[in-house]
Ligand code: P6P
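This document starts with one chain, in the form predicted on its own, laid out as structure tokens.
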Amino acid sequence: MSNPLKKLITLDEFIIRNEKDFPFASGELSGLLRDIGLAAKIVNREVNKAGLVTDIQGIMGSTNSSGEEQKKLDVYANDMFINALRVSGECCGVATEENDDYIAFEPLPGKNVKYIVNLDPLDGSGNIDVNVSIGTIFSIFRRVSLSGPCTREDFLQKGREQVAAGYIIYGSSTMLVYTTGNGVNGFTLDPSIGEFCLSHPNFKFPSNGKIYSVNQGNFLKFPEPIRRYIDYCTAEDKATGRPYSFRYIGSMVADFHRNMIQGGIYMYPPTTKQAKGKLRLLFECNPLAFIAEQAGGKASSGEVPIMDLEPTELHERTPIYIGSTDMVDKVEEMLRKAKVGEALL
């Protein structure tokens, strides 16, 4: 009988095999992704114990930088990833959804570290206590400052400047999905050997899909063209395979991951209460936009590609429409026609 372990390609092995294609110096990407993967394994262990260990369930009694109530596991995951990146030796600073400002790491003697990380340590944390999929989102940039401690400008870069981005989804299995600008690959955690192993090589978004994901409870608060698009999704039309299926988990990572596999669109439009949308450009939208484009999909603010937006603050928010290209194109078309109509009035 053949040994199945011989067929497995681990995350570390995959990185080493493909390192010549990475826009990093030898070993630097390996180190960063290895440390992110290690922190993900630790967070995964705690996520899987959330129903048994009350110390990591529930709320902290504190709020994050945006005034949102923090879960205990939010804070735990934030600490784990920051600590892993601090000791990596390949990261000079990190900005996260949970912290008001970026954190500059003490420069290592004799070493000029070139990279910073933007991070959403626990996406969809409202689902923790009800045992629904959650995730981590990360984005890696080459710093623009030349030396010494990193600066705010290092973090406020367009998404086009990302050199790597990825996410970890903690679901029925735990997966790490990432891109360095050479396609998208997915690795599933094999708990029997404690390694992420290549399971989904060369992820591709179907150009069209039959799933739309949106917080439909906000329907009446959405702009009129978005309401019309949702009506379009639910209308019966055999030629286009409508009505589409409505699927909304409430974790962006989980909705995005499903739609990348099956074909679909995820939307978080502006509302009457949140005119700039809810999701953060640096910590959620840019990384997933990079992955979407590398997988043949599309990510738009409704007016321009997400990765072309110029950030002005760490916790900047933006509307986002992300997923199968044909579906995002349709949303943009409806928004564009509405804008032209308004201009003619």
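In this text, all values refer to a predicted model and were calculated from it rather than measured experimentally. Residue positions are given as counts along the sequence shown, with the first one as 1.
Not on display, but discussed next: the form predicted in complex with the named molecule.
- With a 4.5 Å cutoff on heavy atoms, M252 counts as touching the named molecule in the predicted complex.
- The named molecule in the predicted complex comes within 4.5 Å of a heavy atom belonging to K278.
- The named molecule is not drawn, but in the predicted complex it has a heavy atom within 4.5 Å of Y268.
- Put simply, D123 is close to the named molecule in the predicted complex: some heavy atom of it is within 4.5 Å.
- Taken together, N215, Y248 and E284 are fully in contact with the named molecule in the predicted complex: each brings a heavy atom within 4.5 Å.
- With the partner omitted here, the stretch from 98-106, 144-152, 235-243, 260-268 that lies within 4.5 Å of the named molecule by heavy atoms in the predicted complex is 260-268.
- Looking at 144-177, no residue comes within 4.5 Å of the named molecule in the predicted complex, counting any heavy atom.
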